[in-house]
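Below sits a lone chain in structure tokens, taken as the form predicted alone.
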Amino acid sequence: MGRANKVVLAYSGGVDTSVCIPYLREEWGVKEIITLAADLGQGDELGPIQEKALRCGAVESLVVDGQEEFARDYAFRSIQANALYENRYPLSTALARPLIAKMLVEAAEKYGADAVAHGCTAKGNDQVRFDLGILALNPNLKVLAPAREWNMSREETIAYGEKFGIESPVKKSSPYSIDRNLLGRSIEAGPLEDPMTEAPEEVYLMTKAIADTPDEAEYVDIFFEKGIPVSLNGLTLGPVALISRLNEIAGNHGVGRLDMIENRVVGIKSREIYEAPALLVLIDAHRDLESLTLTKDVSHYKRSVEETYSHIIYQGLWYSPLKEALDAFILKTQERVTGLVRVKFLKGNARVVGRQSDYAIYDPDLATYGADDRFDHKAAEGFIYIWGLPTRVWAQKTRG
């Protein structure tokens, strides 16, 4: 099945993406396959992955470092939006997909490829995110998804690869499907498919069990400039270093675990385990700083925008007109979201215990119940009369 002459393939070094190389060549007649491995802070040694792609038949194997861009242009935008899908999941995996799509399109344009490919299956969210991201950035590129069409079991996929010299895993593979990047880890499948089965401690790598966490509390001051975290405890850090350091601190105190039933884009529910220590803490701290610096109406209205924004990211619409329009609104709201938030870590909890800002709308002289109170108490009676007038009229008409 001849679909393309030259293809850029998103490559992770796993069984599926490795088998994609001979499959594209033998079954679909692709002449040249260029692989692209994106370094988004997953911690893997990408040198061997790069070499493996060449052994599997790629004509060229690319490794692109996208950590800085990932943190700055994707994670920080999401933090400014307090994006939590279904009010829980901070989109640590979903945020990586539009960036990988962008890398694929850029590589395809640079090397003159007429298609890009990925190893996503038909039941997951990532196929939607990749396909729509690529489509939005370059609608002229074909998108190939062999794993969505080859209808092979895991064992059959491994056997197919072995026919072309792709070594099978030397040890029994983990029953879990795991994805990791700078922002966190997602774990699914295997025993976790039973919603009543507690996730075993072995699936967690970024966060300690509560029993193993320190007995003493740790305080961290996070400073934000226009909604973007820039320093920890007075030390200015770049985006990658800041997220990495906060991952260590929060994870050491057992902060950052999620166990949830999630509604996928394709309409099925899945049970997901997440570790996203820094991202969850930063969203919570950022939202708290907004409560100090945004007016009531902006803060309340922004909540509805945040929910829409999280759905946009989850559903693969990062490069969409609505996302672009909401970005403009969110960036406007962040102009005065500058200040410090103090977080206390202890035994699986990260609580905001202090906040301050030069742009704070909070006024101690209005809030106090002490002698310095400047609130006009006489105004309250008139306010309540006007505010309650519709209720008064309704009550008189219906109960009188």
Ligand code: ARG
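For every residue, the number given is its place in the sequence shown, counted from 1. Small disclaimer: the values here were computed from a predicted structure and weren't measured.
Keep in mind that the form predicted together with this ligand is not shown, yet the notes after this line are about it.
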**OP:** State yes or no: in the predicted complex, is some non-hydrogen atom of Y89 no more than 4.5 angstroms from a non-hydrogen atom of this ligand?
**Re:** yes
Original post:
Wondering, does I187 line up within 4.5 Å of this ligand in the predicted complex on heavy atoms?
Top reply: yes
**OP:** Report whether the minimum heavy atom distance between V116 and this ligand in the predicted complex is within 4.5 Å.
**Re:** no
**OP:** Report yes if any heavy atom of D179 sits within 4.5 Å of a heavy atom of this ligand in the predicted complex; otherwise report no.
**Re:** yes
Subject >> Position in contact with this ligand when the complex is considered in the predicted complex, options E306, E290, E262, D131, heavy atoms within 4.5 Å >> reply: E262
Subject >> Option touching this ligand, based on a heavy atom within 4.5 Å in the predicted complex, out of S310, T213, T93, T207 >> reply: T93
**OP:** Sort through 267 to 275, 135 to 143, 233 to 241, 195 to 203 and report the only stretch with a non-hydrogen atom within 4.5 Å of this ligand in the predicted complex.
**Re:** 267 to 275
Original post:
Hey, which residues along 292 to 314 are within 4.5 angstroms of this ligand in the predicted complex, non-hydrogen atoms only?
Top reply: Y314
